[in-house]
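First, one chain by itself in structure tokens, the form predicted alone.
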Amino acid sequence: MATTTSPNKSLKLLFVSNPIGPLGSGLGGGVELTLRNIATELHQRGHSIKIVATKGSTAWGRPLVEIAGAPQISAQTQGRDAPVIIPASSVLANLWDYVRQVQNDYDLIFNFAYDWLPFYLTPFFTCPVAHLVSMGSLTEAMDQIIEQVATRFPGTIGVHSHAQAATFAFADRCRCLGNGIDLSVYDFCAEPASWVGWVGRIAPEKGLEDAVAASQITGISMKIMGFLENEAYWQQILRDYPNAPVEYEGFLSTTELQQRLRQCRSLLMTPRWVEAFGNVAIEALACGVPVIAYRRGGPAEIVEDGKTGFLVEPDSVAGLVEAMGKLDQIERHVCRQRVEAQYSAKAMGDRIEQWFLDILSGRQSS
């Protein structure tokens, strides 16, 4: 294994995807977009990237190793005391068995999975492992194993926001990396349509019913975009708010999403939990779309209240309604400028690249 701390030398990087589903399916939520954007940016900088992911994945032009196996259950659906569960013929186990076999071919392994096994295996690898943690504290088992890695391998735990880090007892040992997108993919729209948007997995923790309730109260049409993860939850929303002027647009590719997203008067973000970041917030702002979000988690660090949108008391439908009535106060070009300054792919690439170099430098001197 050839380690380096020179930013001018290409690194050989192995990206290990999450085991929830194939890349490109939408099952992995924002992790998929994050992996794609980081891989693309680092490839453009001359680093060698290979992606290991569930069979059926797309790697957006990057070298891909597809691994078969049963998917993991998302940690978001489990309680704090939930045990670690790995199914028979686990794709998670198969992914990391492959990584073990090829680790000596790489300078660094980059883990995107919020799962117990990669953290547990970290001490057994000779190749350094960087972990990008995609969620806040969810289970005791995950908190304990991540903290063990943070203690034994300082500087290797990356997070997206300070709010996310604060959910862990080891917040001060996390590297806050934010996120970033390829701004060339998102077109600014100065003159929006009359409707608002909501984007995300349709699942209870995303709080879609609050946005639908606000749409029904105001009479403002809303287009809903994202992976329909929980059909029963969606049908219950439709029964509870029969007069809401909402339309489900389906799960869209990045190109299709931005074409609709850019037309929104605003994007509503209504998570019930602490979002680690909220990729769709910066996607919307890149198009000039103000964001109305609960003052909770990552979105509260992205949205500048009164400048690029509005921050609302968590779980307050009345707050959403009030904010929807003030959208004319927001200048859409300011939203775009916010993303250009802090959340471009280049800015994210700089942070990730320096993180990797710091990890390799630490490993060399240890």
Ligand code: HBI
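In case it trips you up, residue 1 is the first one in the sequence shown, and so on. Owing to the predicted nature of the structure, the values given are computational and were not obtained by experimental measurement.
Although not depicted, the form predicted together with the named molecule is the subject of the following passage.
26-34, 310-318, 293-301, 40-48: which one contacts the named molecule in the predicted bound form at 4.5 Å, heavy atom to heavy atom?
In short, 26-34.
Going by a heavy atom distance of 4.5 Å, is residue 72 a contact of the named molecule in the predicted bound form?
Residue-level check for residue 72: yes, a contact with the named molecule.
Would residue 107 sit within 4.5 Å of the named molecule in the predicted bound form, counting heavy atoms only?
Close contact is absent here: in the predicted bound form, residue 107 is far from the named molecule, nothing within 4.5 Å, heavy atoms only.
Against the named molecule in the predicted bound form, would residue 134 count as a contact residue? Criterion: heavy atoms within 4.5 Å.
Yes, residue 134 sits close enough to the named molecule in the predicted bound form that at least one of its heavy atoms falls within 4.5 Å.
Answer with yes or no whether residue 20 is in contact with the named molecule in the predicted bound form, where contact means some heavy atom within 4.5 Å.
Contact with the named molecule, yes.
Considering 175, 201, 265, 223, which brings a non-hydrogen atom within 4.5 Å of the named molecule in the predicted bound form?
That would be 201.
Between 95, 257, 113, 130, only one gets a heavy atom within 4.5 angstroms of the named molecule in the predicted bound form; which residue is that?
Checked against the cut-off, the match is 113.
For the heavy atom contacts within 4.5 Å of the named molecule in the predicted bound form, list the residues of 343-358 involved, in sequence order.
Read in sequence order, no residue approaches the named molecule (within 4.5 Å, in the predicted bound form).
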